[in-house]
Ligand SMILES: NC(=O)c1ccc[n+]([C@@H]2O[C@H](COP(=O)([O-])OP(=O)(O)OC[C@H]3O[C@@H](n4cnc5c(N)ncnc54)[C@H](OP(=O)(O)O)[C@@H]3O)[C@@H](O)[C@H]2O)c1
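One chain comes next, on its own, written out as structure tokens in the form predicted on its own.
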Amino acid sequence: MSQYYKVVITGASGGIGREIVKRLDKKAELIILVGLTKDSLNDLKKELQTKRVFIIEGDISELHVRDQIKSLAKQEGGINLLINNAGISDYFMFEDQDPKVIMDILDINLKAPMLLTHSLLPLLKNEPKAEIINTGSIFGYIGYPGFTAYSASKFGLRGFTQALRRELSDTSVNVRYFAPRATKTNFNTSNITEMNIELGNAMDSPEKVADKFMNFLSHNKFEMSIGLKESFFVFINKIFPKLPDIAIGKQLPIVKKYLNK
């Protein structure tokens, strides 16, 4: 990767996104911050020393927002790092989940990063070396009750990452998947936090996740999942999926308990 990044990052003002941006500061010559709230983006911009920082407020599932991102990136001389970090979740049993929420999860977590990548790919291919990093989840490896639509979206994002990486293997663009575990941000509601505590699930700070992201960025691994326990569980889920079926089945009463809080 070049010494200085030219970055587009979605979900820039969220807990993990904000911390990633702060760590990219001084290592970037251009940062395009994309998010839903202009005030939060402006507050983040004020903290940065990078001189060329731009803000785009909007929902990346909307075509005009993606067009605005592409137009600005092109105007500023291109980009060499796209971080598809925006995402939404919903803690609900699938049968009871609002169909509109299911569509929103798929739109934001899967369709929007695919379409934004499609739009920006010509600019990325113009660079001597470029990266696309898709922020997934440990639930992109392990389907989990209460998060069925979310898991599906992250499984899909991981499949997109793998296929596109192989498709672009003869170009200058590398495509990779970064998978946090539970994180202490506003992304998770209080009942999710309580569930994680009762189940003994580790929860990382946004700062720790961002540090892991920067370490991942500096190396060439195609994928990274945070946590030794979680990584081992991912391995078991691939080789002996019946074992996670049994283990997660035993957790189901606790999952359902916190759904009703």
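Not measured: the values here are computed from a predicted model. Throughout, we count residues from 1 along the sequence that is shown.
Keep in mind that the form predicted in complex with this ligand is not shown, yet the notes after this line are about it.
In the model of the complex, V21 touching this ligand (heavy atom, 4.5 Å): Because no heavy atom of V21 falls inside 4.5 Å of this ligand in the model of the complex, the answer is no.
G58 within 4.5 Å of this ligand in the model of the complex, heavy atoms: Contact with this ligand, yes.
Can you check whether F160 is within 4.5 Å of this ligand in the model of the complex, heavy atom basis? Looking in the model of the complex, residue contacts with this ligand do not include F160, since no heavy atom lies within 4.5 Å.
Is R181 a contact residue for this ligand in the model of the complex, using a 4.5 Å heavy atom cut-off? Judged by the heavy-atom cut-off of 4.5 Å, R181 is in contact with this ligand in the model of the complex.
Quick check on this chain: which one of T37, N215, Q49, N220 has a heavy atom within 4.5 Å of this ligand in the model of the complex? Filtering the options by heavy-atom distance leaves T37.
Give me the residue from L106, L168, I88, L72 that has a heavy atom within 4.5 Å of this ligand in the model of the complex. Selected residue: I88.
Counting only non-hydrogen atoms, which stretch in 91-99, 123-131, 74-82, 150-158 is within 4.5 Å of this ligand in the model of the complex? The contacting stretch is 150-158.
Are all three of I142, S225 and N237 close to this ligand in the model of the complex, meaning a heavy atom of each within 4.5 Å? Zero of three within 4.5 Å in the model of the complex.
Scan 102-140 and note down the residues that get a heavy atom within 4.5 Å of this ligand in the model of the complex; none is a fine answer too. Going through 102-140 in order - heavy atoms within 4.5 Å of this ligand in the model of the complex - the hits are I108, T135, G136, S137.
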